[in-house]
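We begin with a single chain expressed as structure tokens, specifically the form predicted on its own.
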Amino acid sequence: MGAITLEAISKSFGPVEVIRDVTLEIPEGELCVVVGPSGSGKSTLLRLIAGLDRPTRGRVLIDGADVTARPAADRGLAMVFQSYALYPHMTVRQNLAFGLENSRMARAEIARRIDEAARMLEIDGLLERRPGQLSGGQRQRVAIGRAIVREPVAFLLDEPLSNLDAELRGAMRAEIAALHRRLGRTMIHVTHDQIEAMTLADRIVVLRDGRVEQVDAPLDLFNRPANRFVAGFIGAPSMNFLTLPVPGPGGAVTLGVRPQHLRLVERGLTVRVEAAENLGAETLVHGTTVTGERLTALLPGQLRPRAGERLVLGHDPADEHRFDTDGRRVG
């Protein structure tokens, strides 16, 4: 159980259309990550699936059943929020039990579920503490535990790691991936963090202005972006785009090359160095071409190019991407 289908979903707030004709199928057990820039509609899409908002048009189906008009509490889903949304006056145990007690579940079953989730998330030693006595990572585990004890058909995670520092985010990414493997449940994870998306997802949904730009496996998105927007959004540092004149109609195409695929060569593209960042094993070079286009290269080794110095860069033709004047991939 846990297959989720969106059929031509749209959502407007007054005259503003936030979600535009989104059709998407998420099979049972998939970890689907939704990414996009701020304002692209990621959290709104999750709220429509959860039942916290109703679509203006279209249908939401769970395991083939139309739940568009069904309230959130009756959809069998569990949501983990960015803010954790824990009750500060309750202990961890009470936070985990609260929703189950409201559904009049037997005490023995509540205790079993709490003990099982606490062991899984390694928070069994924290059950008598209150949220104010926990670290950010511990609070996030409790928020996930509160979702787990409900034994939902699917988990909805709305930027759950955004309030954590970089080290904790890395650790929690690994925990969410391990949790998904153990539970085997459908998960929809909303984030603006590309690393989260690339490392966690079975498939990534890229949103822009409420529309789906591409849905694909992480490496397929990276290696074959459908358009210039996806190419520039997926991957860090961002892809370089250079204008290439083409004889005849059309006039030009855009050449895309990722910074990681550029190398120092004897004959190639001359770049004037503007700045360089030494990252240890690699050097990130920022520069401009002779035509004034900005370019970034991530080069191996500890280089020390000076501002104003000229480097000659090249790439393997197999690593290049081309886009037409409308931004669509060609070739």
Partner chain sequence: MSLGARVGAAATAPLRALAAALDPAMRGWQRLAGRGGMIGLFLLPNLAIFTIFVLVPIGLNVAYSMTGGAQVFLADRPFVGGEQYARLLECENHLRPRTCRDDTFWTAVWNTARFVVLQVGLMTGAALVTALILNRSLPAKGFWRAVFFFPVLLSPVVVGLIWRWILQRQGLANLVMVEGGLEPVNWLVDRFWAFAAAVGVSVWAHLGFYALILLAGLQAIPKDLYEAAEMDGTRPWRVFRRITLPLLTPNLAVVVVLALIRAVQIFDEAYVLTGGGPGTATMFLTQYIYETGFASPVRNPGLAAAASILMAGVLVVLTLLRLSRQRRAAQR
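Positions refer to the first chain, counted from 1. Predicted model only: the values in this text are computed from it and were never measured.
We do not show the form predicted in complex with the partner chain, though everything after this point is about it.
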key: Contact stretch among 228-236, 94-102, 116-124, 256-264 - heavy atom within 4.5 Å of the partner chain in the predicted complex   = 94-102
ask   = Here the chain is shown alone; which of 142, 197, 79, 212 has a heavy atom within 4.5 Å of the partner chain in the predicted complex?
value = 79
key: Answer option from 50, 61, 273, 298, heavy atom within 4.5 Å of the partner chain in the predicted complex   = 50
inquiry  = Please tell me whether any heavy atom belonging to residue 146 falls inside 4.5 Å of a heavy atom of the partner chain, as the geometry stands in the predicted complex.
reply    = yes
inquiry  = Please tell me whether any heavy atom belonging to residue 89 falls inside 4.5 Å of a heavy atom of the partner chain, as the geometry stands in the predicted complex.
reply    = yes
message = Please determine whether residue 85 contacts the partner chain in the predicted complex, using a 4.5 Å cut-off between heavy atoms.
response = yes
ask   = Is residue 150 close enough to touch the partner chain in the predicted complex, meaning at least one heavy atom pair within 4.5 Å?
value = yes
request  = Could you list which residues of 260-298 come within 4.5 Å of the partner chain in the predicted complex, counting heavy atoms only?
outcome  = none
